[in-house]
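In the structure tokens that follow, the same protein chain appears in two forms, which are kept apart as structure 1 and structure 2.
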Structure 1
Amino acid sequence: MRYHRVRSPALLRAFGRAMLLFWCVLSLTFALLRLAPGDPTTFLIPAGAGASDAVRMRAELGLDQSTGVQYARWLGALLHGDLGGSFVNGRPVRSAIGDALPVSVALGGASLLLSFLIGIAAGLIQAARRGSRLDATLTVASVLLAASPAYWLGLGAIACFTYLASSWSLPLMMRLPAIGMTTPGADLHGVAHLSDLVRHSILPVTLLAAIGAGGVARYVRTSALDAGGTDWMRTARAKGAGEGRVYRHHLLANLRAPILTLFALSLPGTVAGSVFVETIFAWPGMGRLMVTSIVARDYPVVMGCAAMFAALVIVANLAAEALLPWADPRVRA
């Protein structure tokens, strides 16, 4: 009962810290982008436009104001949930992100879930069969995956499952589409639409999941082996509990907290992976939006994306902190 009274202010304080952190990150991004030498209008203005057009454009985008005024305006708009409009096409940043975010969340969420399921299972099996050939093979595979660039693996997957599969004229079901989320131009509905989407997801999701699973498996293996030598594991075995019960009840309960922490820490990594995977497979998600708007110097969109990524990291850390007492009752004290 007592910890409830203690914990809530602690959580509140953590929330306050998180908001402060969020504001700092956004201000930093703002400052960095305004520090950039060169004027975005030089990239945006069509060739042949005169100096007066440039002046008008700067005024339209609010770039003629001092940095302080720009910052105040931007912050004020942000507090109203307004992220501004794209420099390039005038589209509200909120709707651009609104289109891209679900794509990334679906891609990242599905692969993160898969990577933890596969990674935990693989890590536990490796720890249980330590030193076996299976353990060695899985270790080599996870180390290789960690050392390989995601975009390179993606190109390899496309070469094998799209191009080679079609040149060997494999049945259509075994050839996987390389680009986009759906077949362009195909007006599909219901189940047909869903299966089209699933076929397009197989390569990117499997790739991201495999890369993530490698890291998770290595972490789980190490944690499980560390726990393997502890007194409570020996006690559990001495009581006569079978290996299955020892693993399910004692080991997993003790791995819950480290795995939760790893999950929160993995979210930014998923973002990084999705930048490359979205670029390779031409998925219109946040990573691709960020890259294209950076190339185009579309600062409001870059700011909006950075804000979303920062919010993701901060919320994940906050959630991990809030859930830690559930995962590890010892920290409740």
Structure 2
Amino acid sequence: MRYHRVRSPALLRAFGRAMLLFWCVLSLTFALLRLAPGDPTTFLIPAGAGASDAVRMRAELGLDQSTGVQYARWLGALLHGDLGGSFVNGRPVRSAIGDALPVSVALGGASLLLSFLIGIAAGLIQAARRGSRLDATLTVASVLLAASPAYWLGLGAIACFTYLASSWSLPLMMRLPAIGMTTPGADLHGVAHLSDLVRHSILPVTLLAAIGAGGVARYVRTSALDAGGTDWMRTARAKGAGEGRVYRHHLLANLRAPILTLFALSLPGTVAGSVFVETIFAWPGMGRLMVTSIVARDYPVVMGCAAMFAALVIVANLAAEALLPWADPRVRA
């Protein structure tokens, strides 16, 4: 009971900071959208429409009012759970996000899980083989992957595994599709549909996982090397524990807290990377929805996507803070 009395105020303060941060992010996004050049009505009015048509449309969309009034109306609707409707097609923003969110969660979740599994394994191997040729090779690869832009790697992957593979007449299994989640026009069901979906997801998931694994590997290698010279590691070896047992049962247990923190901090990078990846590979997820909405100046959809992205990041960080005492019992004190 004492633990809960000590932790509850801290979690409440963290929740309060999270709500303040959420409001700041959305308010800044609202202001930047209004300051950006371009008017939504220029994308919506038909060709040949007059100035009176544009004025009438601005009034219908509520854009004829001052920015302060628009902000107050939007904030009031948000507090009631109303994200508004799209300027482009009038569809409720919640419905558009409801269709796109599962795609991004599946893409981001699979890539994030793979990036940590691969990155932790690579980082531990590098720490165990410090100074070897394998360590140098993995270091170069991880730095290049972590530093390379997602859109550049995505275009390179499409050029290699789609266009070049087709032009060189490589086997069908080596020619990976680059556009969409499924084959256009194909009426597939059951296992065939699942197989087609997995085949289309290989490039985007691998791309995001490789970028994330590079950063995780660098972090785990550094943390493992720092912990390698501590007293408790030397004590474990002095008791006769093999290197495998030392790494599995002693080192990984002490790396749980930093890895958990890194997992929460990696979520924004995965979300940001999915914006480019979903656009390049034409996946109908949150990233592509936000990009197309920004281009069309569809303010309600952009604000809804920004709210969802901010909420995902904040919830992940709150969850990591709540789980930190489990990962590192020393935090409970």
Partner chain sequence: MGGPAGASVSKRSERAALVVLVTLATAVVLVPALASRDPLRIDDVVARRLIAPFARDLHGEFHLLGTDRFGRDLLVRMMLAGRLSLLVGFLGSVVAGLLGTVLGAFAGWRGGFVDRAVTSAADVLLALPRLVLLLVGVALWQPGFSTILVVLALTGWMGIARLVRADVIAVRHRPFVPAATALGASSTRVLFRHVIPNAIGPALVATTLGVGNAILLESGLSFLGLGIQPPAPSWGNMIAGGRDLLVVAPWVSLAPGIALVVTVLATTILGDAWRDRLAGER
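Take the two forms, find the largest set of C-alpha atoms that superpose within 1.5 Å, and that set is the rigid core. Source: prediction; values computed, not measured. Residue numbering: structure 1 sequence, from 1.
Of structures 1 and 2, select the one representing the form predicted in complex with the partner chain.
Answer is structure 1, the other one does not fit.
Does the distance between the two CA positions of V25 reach 2 Å or more between structures 1 and 2, the core being superposed?
Yes, shifts by 2 Å or more.
Answer yes if the CA of A306 moves 2 Å or more between structures 1 and 2 after aligning the rigid core, and no otherwise.
After core superposition, the displacement of the A306 C-alpha between structures 1 and 2 stays below 2 Å, so no.
After fitting the core, Q65 CA displacement of 2 Å or more between structures 1 and 2:
Yes, Q65 moves 2 Å or more.
Superpose the two forms on the rigid core and tell me the Cα shift of V55 between structures 1 and 2 in angstrom.
Taking the core as reference, the C-alpha of V55 is shifted 4.1 Å.
After fitting the core, how far does the CA of G16 move between structures 1 and 2, in Å?
Residue shift at the C-alpha: 3.9 Å.
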